[in-house]
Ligand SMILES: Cc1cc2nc3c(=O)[nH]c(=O)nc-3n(C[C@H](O)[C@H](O)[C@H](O)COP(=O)(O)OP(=O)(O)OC[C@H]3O[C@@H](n4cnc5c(N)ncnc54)[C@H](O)[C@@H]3O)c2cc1C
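The form predicted on its own is given below as one chain in structure tokens.
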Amino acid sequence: MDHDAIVIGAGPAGLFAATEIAKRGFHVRVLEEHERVGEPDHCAGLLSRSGLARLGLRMPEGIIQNTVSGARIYSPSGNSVTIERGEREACVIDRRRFDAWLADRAIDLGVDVTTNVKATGFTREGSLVRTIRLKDKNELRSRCFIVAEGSRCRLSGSVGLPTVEKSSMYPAFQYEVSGADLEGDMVEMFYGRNVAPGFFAWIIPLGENRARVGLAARNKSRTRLDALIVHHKILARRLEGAKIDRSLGGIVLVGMPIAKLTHQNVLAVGDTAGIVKATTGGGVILGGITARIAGKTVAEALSQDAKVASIKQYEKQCKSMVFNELRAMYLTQRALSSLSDKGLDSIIKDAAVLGLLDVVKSDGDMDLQGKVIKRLVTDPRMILMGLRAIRYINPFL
């Protein structure tokens, strides 16, 4: 074999998995199709401090562009609620530099990262995948493979792994702007069927009157964002006179993880596995946590001659650790998406009036949202709020 393990994709999930394997003395290679790790980027770049601590990351200062203390959530009618604890809870990062730093960190720990190489398919020997074919006609052999190719799932699907459902992939578009009128430490989120059906629009401050302004929705994300910048009474005021410095598009996932994370000696991690918070589309932290489990599991399997039974422990551990959290967030997103604009107005108004924000402030966690969701669902005030909002469920969904 050329390698003990090969990872396809040098995003955070792939690099976390590869690092765990290399730390245990095995030869692992990461294949990245782009010329530079981290480019192009497709992310809003908002990561919780608690999540970074869970991953054991202490980033260089040059990667952190800003820190934020809370979020202001706007209903379709313009009413808002603010969630903050009085401390800086999240970092706004430069994803290009972040990914490049993770790659350098992985290389320092023994990972072989190869860029500008595109994987085109796998070749089996019996029931196991043993070879990955490259666009330049070369082939590489390995004992195990980890697919971190993102949500397109082309390679993972070709070996029998489930793929992320297209219905859970929402197009997203984002501008980076300067000269905006912003609250420097507050993320702003905008809901509404005429704003972003199925999801929301956002403003993430970068400091010095710069921001990322984006939107994800079921369709026409760029068209909707362009219209909001001109016509939305709050967004338009924030961005009046602002200059667009660059733009980027991507995909936001709002579904559940795929049903099976391993197939023989092949594992799926990160977006390829659908391990993303449906409420916000964020996948770096939970994708990283579970990718580290994948790396540790593969290393353990390699020490036992790559036994398939050992590899399957990755799926069991992921399900016990994060799947209930992901399910709670998925159901919450589905519930919000089922409401009309009047229902969303009702939810945001009642959350403030009934004191439910206190629950969010005391138990909220940007990444592991299941605890606060469970507490809210069992709170009598939440039941009252739900009874008021349920009148506005869209009958066509």
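Predicted model, so just to flag it, every value in this text is computed and none were measured. Numbering starts at 1 and follows the sequence shown.
There is also a form predicted together with the ligand; it is not shown, and the following applies to it.
Taking non-hydrogen atoms only, Glu315 never approaches the ligand to within 4.5 angstroms in the predicted complex.
Contact check for His34: a heavy atom falls within 4.5 Å of the ligand in the predicted complex.
Within this chain, His232 is remote from the site of the ligand in the predicted complex, having no heavy atom within 4.5 Å. In the predicted complex, the ligand sits within 4.5 Å of a heavy atom of Gly270. Note on the interface: of 183-191, 293-301, 72-80, 248-256, the segment with non-hydrogen atoms within 4.5 angstroms of the ligand in the predicted complex is 248-256. Exactly one listed residue, out of Leu206, Ala100, Ile289, Val117, brings a non-hydrogen atom to within 4.5 Å of the ligand in the predicted complex: Val117. Only one of Ala211, Leu261, Cys144, Val284 lies close to the ligand in the predicted complex, with a heavy atom inside 4.5 Å, and it is Val284. In sequence order, Gly9, Ala10, Gly11, Pro12, Ala13, Gly14, Leu31, Glu32, Glu33, His34 are the residues of 9-37 having a heavy atom within 4.5 Å of the ligand in the predicted complex; the partner itself is omitted from this view.
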